[in-house]
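Just so you know, structure 1 and structure 2 below are the same protein chain in two forms, each on its own as structure tokens.
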Structure 1
Amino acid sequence: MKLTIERAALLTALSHVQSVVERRNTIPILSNVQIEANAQGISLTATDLDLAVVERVAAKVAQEGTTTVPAHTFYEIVRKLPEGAEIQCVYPSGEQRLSLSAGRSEFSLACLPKEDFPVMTAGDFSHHFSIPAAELRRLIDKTRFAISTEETRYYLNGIYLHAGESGGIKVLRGVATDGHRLARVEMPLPDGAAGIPGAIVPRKTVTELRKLIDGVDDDVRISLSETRIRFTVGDALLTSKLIDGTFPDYERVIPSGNDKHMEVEGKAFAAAVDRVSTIATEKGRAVKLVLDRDRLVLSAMSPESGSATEEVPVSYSDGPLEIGFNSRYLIDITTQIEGESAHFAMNDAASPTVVRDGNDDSALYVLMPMRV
């Protein structure tokens, strides 16, 4: 194998591919990225057996071939080379070393046989549809903060993607919950997505996909089966196993009868919660909301640190209410509000609260209260 490639193009592709590779691997080949050179350029592939990313990059290929090199070392070398550098890669047949040179810099990387590199079989995909990258970014950004990190509840360790109906209109929904808060985002159902199987997309896949679509303007092609999902983003292909589990019936925890309504300026409210919670102990970080006739008082207390209160102007005309929340969860939700106002629908101190963006009906958040 012999090729020449621009540093910038190689670095961009490597940044997407190498982040799939775990830092510690008991299987040596999984620490490597596969380089496959042919007349069309090169393909870079990395996998952790659950997730695989393949990205094509333009290159001048003098001699075709395939090998694998340590992913993180390869990425760091390319990252540290000067901007505008032309990189030459030579892999002589019969040798297990890749020679890499740029200007006066020369490196020799140990290779592992391409035959050892695992191929992630995708199987047959039953559904294919496309989503604008901007819509997919929005869906991810507004839900992933609520993904559970509790490995015992593995079925909550991702975003649940499925078809639904809202007000008689068919929609595609993304839902995430950790049992304390829930985020649900909707968009019009794309052509080809009707009847898709509900898919729980794992947290790591969501993270890698978000990096791939950053700054992308085109549509993202999604292919789906019962056990796999594939995203095609330009010259990159991300294939992932789905979480094998049943996502809970989240509709049951979204209250419909909350009759106490508060409207508040979203950014000002989030900033006030952040200030008051400074005093709260790290474990609970509880913040109390005391509401009464267009007046909200936020307060937090800690036996070690002291206490804090702040009054926030709100629109509220229902009866007096005292309710407590985990301040970090409250901030996570209110920072998703892009419009000027946040709408809170509450019932009592023990019932879940619904939060909506005043300018966006397609996003809904549910937050469980806590005792304060």
Structure 2
Amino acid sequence: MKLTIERAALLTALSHVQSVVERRNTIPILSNVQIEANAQGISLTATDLDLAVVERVAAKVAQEGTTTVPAHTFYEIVRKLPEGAEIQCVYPSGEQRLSLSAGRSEFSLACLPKEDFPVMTAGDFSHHFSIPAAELRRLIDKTRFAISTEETRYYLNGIYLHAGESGGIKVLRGVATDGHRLARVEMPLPDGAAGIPGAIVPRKTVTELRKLIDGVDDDVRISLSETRIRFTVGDALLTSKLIDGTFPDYERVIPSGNDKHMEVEGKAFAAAVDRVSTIATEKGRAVKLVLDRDRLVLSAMSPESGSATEEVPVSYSDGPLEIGFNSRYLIDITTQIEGESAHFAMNDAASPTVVRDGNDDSALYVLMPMRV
């Protein structure tokens, strides 16, 4: 392998891929990034065996070839080289070292053979479709807070991506829940996504994907099979394993007959809940909502620290109701509300409440009450 590449381009690509590589690794090959040089440029691949990121960068390749070098060292070297530097990489095939030079600096990096490097990217995908990056960002941002961290219900440790139907319209849905709250975001079903196998995308993959699509305007191409998912974002490719489990029948827990409707200004409500919950103890975190005609009183009590109340103007006319929520969960949900008002549909103090963004039907949240 013999190539010349611009520092800036290499640095951007490396910073994307190297974040996947775990810092502490007992297996040497997993600390490495694979460099594959061909006529079009170079591809950098990094993996933690659960997901792999590949990024293509333009380079002047004089001789093709593939090898692997320690990712963090490589990244640090490139980062410390002066801006605007041209980097030459030479790797005579069969050698143990990659020599890297830029200006007066020269480095020799220990290589491991490409055959030792994990393969996460091969194989076929049964379905392909594209969605705008902004839509994907929205789907992730509005659901990821609800992803469970509980290991016993591992099938909840991700976002469930699947095709569904909402009011007769076919939609692509992302759902996340931890058993106390649930977030469901949908968008019109893109071409090619009909009949996709439901996929639970692991939390770690969601995090890496979110980094990758930050600030991207183009479409993201999604490829799916029974066992893997791939996101193609510009020159980058993220391939991941899926969670091997069955996502629960979440539709069952979304109540449809809640008849007590409350409209409240989202931002003001979130701020009020935040203030009142200062009093709530770490363990309980409970906030009580007392509703009567167009009047909501938030209150929190703690035997150790005292009590707090705040009155919030709401629009409500469905009879008195007392209901408690975990303040953290309530804030998580209300901060997702982008519109003027949040719409709460409640039943009683023991049944799940449905929260919607006033002027946005595509996002829906379900919250279990707490006994207070």
Partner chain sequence: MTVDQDENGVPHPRETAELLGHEAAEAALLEAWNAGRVPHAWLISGPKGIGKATLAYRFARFVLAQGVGDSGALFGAPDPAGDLAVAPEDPVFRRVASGGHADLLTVERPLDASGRRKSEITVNEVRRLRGFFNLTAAESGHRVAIVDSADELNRNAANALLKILEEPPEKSLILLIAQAPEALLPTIRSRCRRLALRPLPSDLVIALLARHYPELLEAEGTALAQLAAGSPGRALGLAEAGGVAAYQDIVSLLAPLPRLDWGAVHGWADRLARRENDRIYALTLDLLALWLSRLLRSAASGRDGGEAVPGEFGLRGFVADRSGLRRWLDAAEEIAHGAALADALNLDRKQLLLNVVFALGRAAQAMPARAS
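Counting starts at 1 and follows the sequence of structure 1. If you superpose the two forms and keep the largest set of C-alpha atoms that fall within 1.5 Å, you have the rigid core. Predicted model only: the values in this text are computed from it and were never measured.
In this pair, the copy labelled structure 1 belongs to the form predicted on its own. Once both forms are fitted on their core, the CA shift for Gly339 between structures 1 and 2 remains under 2 Å. The Cα shift for Ala363 between structures 1 and 2, taken after rigid core superposition, is smaller than 2 angstroms. With the core superposed, Thr207 shows a C-alpha displacement below 2 Å between structures 1 and 2. The shift recorded for the CA atom of Ser99 between structures 1 and 2 is 5.8 Å, with superposition on the rigid core.
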